[in-house]
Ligand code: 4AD
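In the block that follows, a single chain appears as structure tokens, in the form predicted on its own.
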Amino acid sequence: MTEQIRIIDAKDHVNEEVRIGAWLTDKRSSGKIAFLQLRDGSAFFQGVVLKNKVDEAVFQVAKDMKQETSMWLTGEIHEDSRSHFGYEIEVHDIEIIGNSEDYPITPKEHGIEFLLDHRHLWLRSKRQFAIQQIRNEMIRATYEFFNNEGFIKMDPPILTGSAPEGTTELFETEYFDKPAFLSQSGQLYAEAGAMAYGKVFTFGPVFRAEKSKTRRHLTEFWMIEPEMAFMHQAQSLEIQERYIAFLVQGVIDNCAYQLQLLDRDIETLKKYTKLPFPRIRYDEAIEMLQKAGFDVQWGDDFGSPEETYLSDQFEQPVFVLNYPKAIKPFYMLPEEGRDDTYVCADLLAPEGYGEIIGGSEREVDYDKLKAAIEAKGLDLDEYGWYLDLRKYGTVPHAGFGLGLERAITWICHLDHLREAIPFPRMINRLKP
């Protein structure tokens, strides 16, 4: 019986007859040969149909089938050094499963809004396949890294009654007879987890009602948020850089084919696995920007141009340390000897991709944290449970959050976050 395989396993079946379920992405033919461009969900590959080696009906099917027709192929695997994938199938038989007529995404160029309107189909394309495969590898590597480091995963609620970042930019919904919000971060709950289990990480969707149309913003995205008890910021930074290097190395090791499809230079990525990453203070960053002619003052937050300039000065991701209190959330630990900065850091990705990680050491003093909550005008009743963490055996602790889509966008060298998630949610897009 002919073995059914996925094409990704072709290397184990060279010169063997196999059966593969596939879709047609494109084709061309002459009088005596048909070249079928195919995909089976694991890779893109070529099928070759030779007229003098198949029944006439099979060759006619190969010539007539339309884009995205699904089929069973029976044939022999051969090496194909001319393709990214490296293998092709010499087709002996074709069994049509599902016909496809007038597929809307043709090999010609389409506008981005058209493609987003057809995102459910655009996901089938070679580029989107590569991106989502790399996303999957980064998720897999995330679990491996934190499991190896002794973290446990905990799942914070998506519906909350408060805002960790102290912002009004929340999606509000009715929770029976009271207002609730879609979570913008799992961090506060992760702090509770760290006090129970030592080291935890959360991984799930978060929501930001920012009316932003930049290439760096989605309204729904995924965050990885580790939190660590008995740990100061310097130790947290070491974990952050090791985590990033581990993610990049995982993609290099396990997604070489996908990186080829994206024309992403592996040698460039290798630089991002070299540790330690450089560190500069916010104070230094302001001086660098001012010398370069940027109109920034101490106390300003950085936008895309500023972050791009700073990251361009280094060959690796760079930590910017200790930002002003006025532009950071209330829960951070004030820097010793300064009354205007927090012990915190943003990690800026190279090549103009900006912040991919934000983190800090957390305030552990009950009275100071309470005062900080009040100073932000937040409801103390909503944060009573969070303050409890400082009443019952508080310890130094630190954590950070990585935006998965931003990291994917950087590693894949994409122009916009919208391609880094299967179905992007943006200010003007809620479907498909």
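In this text, residue numbers run from 1 along the sequence as written. Bear in mind that the values here come from a model prediction, so they are computed numbers and not experimental data.
What comes next is about the form predicted in complex with the named molecule, which does not appear here.
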{"property": "Distance check, Arg362 to the named molecule in the predicted complex, heavy atom within 4.5 Å", "result": "yes"}
{"property": "In the predicted complex, Phe59 touching the named molecule (heavy atom, 4.5 Å)", "result": "no"}
{"property": "Touches the named molecule in the predicted complex: Phe400 (any heavy atom, 4.5 Å)", "result": "yes"}
{"property": "Contact of Arg390 with the named molecule in the predicted complex (heavy atom, 4.5 Å)", "result": "no"}
{"property": "Listed residue (Glu355, Glu238, Glu335, Asp300) with a non-hydrogen atom within 4.5 angstroms of the named molecule in the predicted complex", "result": "Glu355"}
{"property": "Selected contact from Thr341, Ser185, Ser311, Thr160, since only one has a non-hydrogen atom within 4.5 angstroms of the named molecule in the predicted complex", "result": "Ser185"}
{"property": "Partner-facing stretch of 214 to 222, 109 to 117, 171 to 179, 133 to 141, counted where any non-hydrogen atom is within 4.5 angstroms of the named molecule in the predicted complex", "result": "214 to 222"}
{"property": "Contact at Lys126, Tyr243 and Leu262 by the named molecule in the predicted complex, all three, heavy atom at most 4.5 Å", "result": "no"}
{"property": "Members of 313 to 332 lying within 4.5 angstroms of the named molecule, judged by heavy atom, in the predicted complex", "result": "Tyr331"}
